[in-house]
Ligand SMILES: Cc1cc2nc3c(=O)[nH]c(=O)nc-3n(C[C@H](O)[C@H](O)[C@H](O)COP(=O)(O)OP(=O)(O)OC[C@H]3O[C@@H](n4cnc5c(N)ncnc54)[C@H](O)[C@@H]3O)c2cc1C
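For reference, the chain that follows is the form predicted alone, supplied as structure tokens.
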């Protein structure tokens, strides 16, 4: 769809994408692949929740009770990751930290093991591969694990990627299509979005506008059911001359609390993450202490590392923890609300968003699940028994 030519001096882009987090960048890249003229606006690309993300592609270990509508989205998106990476950086998957290695989930004590067994049963009931392993077998896989762990589960289809490296590759491909300017509002004519207005007052029109703005709201855009969910996340580096602690992602339960340790190619570890809704954007002392303490109980060697980064970011949550993706008017598509699953859901979310811009067919069940208007009216929620 194209609108009428703008006034002289006002450029026309086929698509304007607002927001350059993982969803905005992958959506823009897909549209460029399809031949669209794309402009992306963001004053600080890939600096929000995307920068803090650990990059676990974990459809099995991210499953929790009571979210049956989310499960198939996570599984399908994880299945699409290898193709996305190969098309973006052909033959160079390691450059974006894409590692199709298993995830190991371990239990700190027997109560945690019982909870892990219940979750494993749920994963198996959904057709996901989950293999119980003994404490000894887990420590043979990862020798840095504490000798007292109570066993674990191997998840062969839960992989990882480095979100910072992935976004760097996307920004390189998109080049000068990404403009470091802030969008202050949208332009509308007869209730149809026709472009954006920048913070400096400049107006830019387009045939389609795609909002991938996370929690940022814009004047003129209908209010969406979003809330900020803050998370503290840490980065550790090994002491000079020491070997990396882990070779695969280790997730764990420590007295009922979840924790994860994700190794990077350079030997560093990403440790996370807390979940809190206190509206405080600063790192939590309690949260940082808990993450380090729980990580130490599973992998004692973390005490020999150096704490090099403590970061807090707000993740855009929805009432059912499922994203909001859909068309708001003939010129406006929204793609937001990915909560803690933005990296995992990027392949699927960006494809659905690009299909909406293209007016290509989209699976009606997926559209209904992601419908940004689903909270405007009575509807079945994602709660209930799985």
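All of these numbers come straight from a predicted model, not from anything done at the bench. Numbering follows the first chain given and starts at 1.
Keep in mind the form predicted in complex with this ligand is missing from the figure; the text below concerns it.
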*Which one, 172, 182, 189, 118, lies within 4.5 Å of this ligand in the model of the complex by heavy atoms?*
182
*Would you kindly say which of 216, 135, 284, 305 lies with a heavy atom within 4.5 Å of this ligand in the model of the complex?*
216
*Hey, of 50 to 58, 29 to 37, 63 to 71, 348 to 356, which bit sits against this ligand in the model of the complex at 4.5 Å between non-hydrogen atoms?*
50 to 58
*Non-hydrogen atoms within 4.5 angstroms of this ligand in the model of the complex: do 20, 41 and 344 all have one?*
yes
*Heavy atom to heavy atom, is residue 260 within 4.5 Å of this ligand in the model of the complex?*
yes
_Residue contact check: residue 315 to this ligand in the model of the complex, 4.5 Å heavy atom_ = yes
*Would residue 327 count as touching this ligand in the model of the complex under a 4.5 Å heavy atom rule?*
no
_this ligand contact at residue 212 in the model of the complex, heavy atom, 4.5 Å_ = yes
*asked:* Just to make sure I understand: among 219 to 241, which residues lie within 4.5 Å of this ligand in the model of the complex, judging by heavy atoms?
replied: 231, 233
